[in-house]
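Single chain ahead, written as structure tokens, the form predicted alone.
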Amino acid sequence: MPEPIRIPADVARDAAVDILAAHGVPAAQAAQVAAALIAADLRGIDTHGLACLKDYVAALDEGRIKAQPKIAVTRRFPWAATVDADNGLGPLAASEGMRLAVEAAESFGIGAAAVIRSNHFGAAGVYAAMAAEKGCIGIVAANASAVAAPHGAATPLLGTNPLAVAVPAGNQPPLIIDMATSEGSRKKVRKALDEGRPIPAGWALGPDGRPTTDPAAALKGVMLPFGGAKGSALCLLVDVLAGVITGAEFGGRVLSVMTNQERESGNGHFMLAFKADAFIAEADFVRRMEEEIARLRALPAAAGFDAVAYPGERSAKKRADRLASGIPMSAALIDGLVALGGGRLLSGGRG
């Protein structure tokens, strides 16, 4: 396989803005979406970064997502906001939701936002990290189209339903948990199909209801929650948080941004931010968090591991590397982005 081409992060971000603007998205909104997608690429979540633009642009061009939504915010309580995304781009709506949650946390110690009438938003951890950057603990939940079968079922009802938590950690990179509540994401299955490799056992059932490692069969079948009944319960909880309590679609009624034609996708997002010093002084919180990380790192490594790391540590190192050396992209991805309107990538990484 050819070596990937390193594209400077600022060049990639500008190219994403160009692409979105070329398809009708106002410059300021395009910049917000591009920032969210690049943040995922920088942390190594390549399936949820600029690779999403192909699907987003198709939905924009076909009118399935609004390029210029009229986002509306309402409140039932001063610390809680509902963001009506007006069927706009998911990263735009999610960024606004977490911004409002953090803003409320600055005033009340806690803030929450429910995002409705949204779409696929990329990597959940990007928005949780927005809270950690402001001294808050951030929690993000989002529901998705019904591709996952609840524990014991053979047909889908739930999405891959991501859940993310970010905790500031003083002088250390923030602790960030960012996971699908299915064993794997559908985007990773599609990537495996494109690369001609199998998916791990336990990820999916084929259309015959039997376990499969064939990505093509998995895409025709159903994804499985991680951890059996426990993961299935978390997957359901995310649907409740992001769908039931927000007013968004839920219970199998969310549609895919890539295929829906009949109506809006209806994704819901739940954002929570609360100040890390809500219960103890900030200095004490920082000291205790750094001690927690130090204790974990001091543990002897198990066979097959060089060291013990905490969630978010490796992605922080990857981010530092990619900021310094560029984001690795395949020639096929670059060519696809250039075709969408991202011509700056040519001069930025391949000139």
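Residue numbers run from 1 along the displayed sequence. Note that the coordinates shown come from a computational prediction; the quantities given were computed from them, not determined experimentally. The term rigid core refers to the most C-alpha atoms you can superpose between the two forms while keeping them within 1.5 Å.
The form predicted together with another copy of the chain exists for this protein as well; it is not shown, and the discussion that follows is about that form.
S.K.: Would you mind picking the one in M258, L157, I71, L193 that has a heavy atom within 4.5 Å of another copy of the chain in the predicted bound form?
M.R.: Partner contact (heavy atom, 4.5 Å) among the options: L157.
S.K.: Work out which of the listed stretches, 94 to 102, 232 to 240, 127 to 135, 212 to 220, brings a heavy atom within 4.5 angstroms of another copy of the chain in the predicted bound form.
M.R.: That would be 232 to 240.
S.K.: Using heavy atoms and a 4.5 Å limit, would one call A67 a contact residue for another copy of the chain in the predicted bound form?
M.R.: The answer is no: A67 has no heavy atom within 4.5 Å of another copy of the chain.
S.K.: At the 4.5 Å heavy atom threshold, is L53 in contact with another copy of the chain in the predicted bound form?
M.R.: No, L53 is distant from the partner.
S.K.: Considering only heavy atoms, tell me if P174 and another copy of the chain come within 4.5 Å of each other in the predicted bound form.
M.R.: Result no; P174 lies far from another copy of the chain in the predicted bound form.
S.K.: My question is simply whether P26 lines the interface with another copy of the chain in the predicted bound form - judged by any non-hydrogen atom within 4.5 Å.
M.R.: Flag for P26 set to no.
S.K.: Are there residues in 132 to 168 with a heavy atom within 4.5 Å of another copy of the chain in the predicted bound form, and which are they, in order?
M.R.: Read in sequence order, the residues that approach another copy of the chain (within 4.5 Å, in the predicted bound form) are I137, P150, H151, G152, A153, A154, T155, P156, L157, L163, V165, V167.
S.K.: For V222, is the CA shift between this form and the one not shown at least 2 Å following rigid-core superposition?
M.R.: Comparing the forms between this form and the one not shown, which are aligned on their rigid core, V222 does shift its C-alpha by 2 Å or more.
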